[in-house]
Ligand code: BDR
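Consider the single chain below, provided in structure tokens and representing the form predicted alone.
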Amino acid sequence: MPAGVSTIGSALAAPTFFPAPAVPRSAPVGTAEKPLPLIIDSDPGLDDALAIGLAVARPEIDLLAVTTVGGNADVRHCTTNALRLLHLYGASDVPVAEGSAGALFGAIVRATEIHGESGIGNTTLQPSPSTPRPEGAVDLIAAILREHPEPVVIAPIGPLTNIALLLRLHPELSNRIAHICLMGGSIGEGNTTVSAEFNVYADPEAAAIVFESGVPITMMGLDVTHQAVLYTPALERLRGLGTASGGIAAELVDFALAREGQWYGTPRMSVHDAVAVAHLAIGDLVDVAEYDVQVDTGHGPARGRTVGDGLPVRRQRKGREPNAQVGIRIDRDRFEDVLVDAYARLP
């Protein structure tokens, strides 16, 4: 009998979902000797805040810039948060540029029910001495891609509006993008709707442009980020570091434990965005599989769904190849250790 097929009574029952097998990663990984040049495009955001701290702390990452997009909160709050977080982390020299306030088309979508109106819960951050770059997010990314001596990795961990605009306005720079390691989407169920994850739902048309761009992509979707969870002991570990950064991280986790706990019935925080950054710093933390990912841009109940096909025979029938690697497994305990260790290195 073929593998993966079972009998129920006298009938053959094929699996309703084909889980693509793990494959070697395609995303580059930095080293302390040769850090990976990285731009983070973000909507900070509780988990974004932890992801930015992780990028600053890890010696395998050379954080070139943080650009902002409206998503978890209004883009003005997101820009202020990015500046103040970098200041907290001792990285005020990292440039910040503000990007799109909302989607390419349609209504603006926010996630303030999880992140609070400011994007960072009830936390108050000290003002930064730095100000946003005047040229804006897309122009700053384009300038870095042109001027950097090697191709640059982009980690979009918010809606993909800025990255879609970059690809449409500067198609000649696509080969200067070494890799896009994004947080968004889901092969399984969504979180904003049953079909769609928030970052893709907030701008499905932009996500479709990115996935069809031909740039190498790794998608860290809910399939893996809902495994990257923190519980109350992690909060206590961060608080116990006795540092300013650790104290703020503990505040953010504490707020998220309560908000997400209302959804899932137990205090927990899914640190979605930090998975995309961790994958670029640690070669064997996340297992990935190959999928053909298409984005539903219709206006029905599946709008924003990332439709992932991992079955080779079906892809062949459609004449499509895999266009993304998708995170499928992460070592939760190790991930927590990586995050706490990063905040132990920050001021």
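Start at 1 and count along the sequence shown; that's the residue number. Small disclaimer: the values here were computed from a predicted structure and weren't measured.
Note that the form predicted together with the named molecule isn't included here; everything after this is about it.
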{"item": "Listed residue (A142, A234, A208, L222) with a non-hydrogen atom within 4.5 angstroms of the named molecule in the model of the complex", "value": "L222"}
{"item": "Position in contact with the named molecule when the complex is considered in the model of the complex, options L173, A103, A178, A111, heavy atoms within 4.5 Å", "value": "A111"}
{"item": "Listed range touching the named molecule, judged in the model of the complex by heavy atoms within 4.5 Å, from 133-141, 164-172, 183-191, 234-242", "value": "183-191"}
{"item": "Any non-hydrogen atom of E197 within 4.5 angstroms of the named molecule in the model of the complex", "value": "yes"}
{"item": "Close approach of N72 to the named molecule in the model of the complex, 4.5 Å, heavy atom", "value": "yes"}
{"item": "4.5 Å heavy atom contact, D273 to the named molecule in the model of the complex", "value": "yes"}
{"item": "Contact of I157 with the named molecule in the model of the complex (heavy atom, 4.5 Å)", "value": "yes"}
{"item": "Any residue of 47-77 that, in the model of the complex, places a heavy atom within 4.5 Å of the named molecule", "value": "D47, D48, N72"}
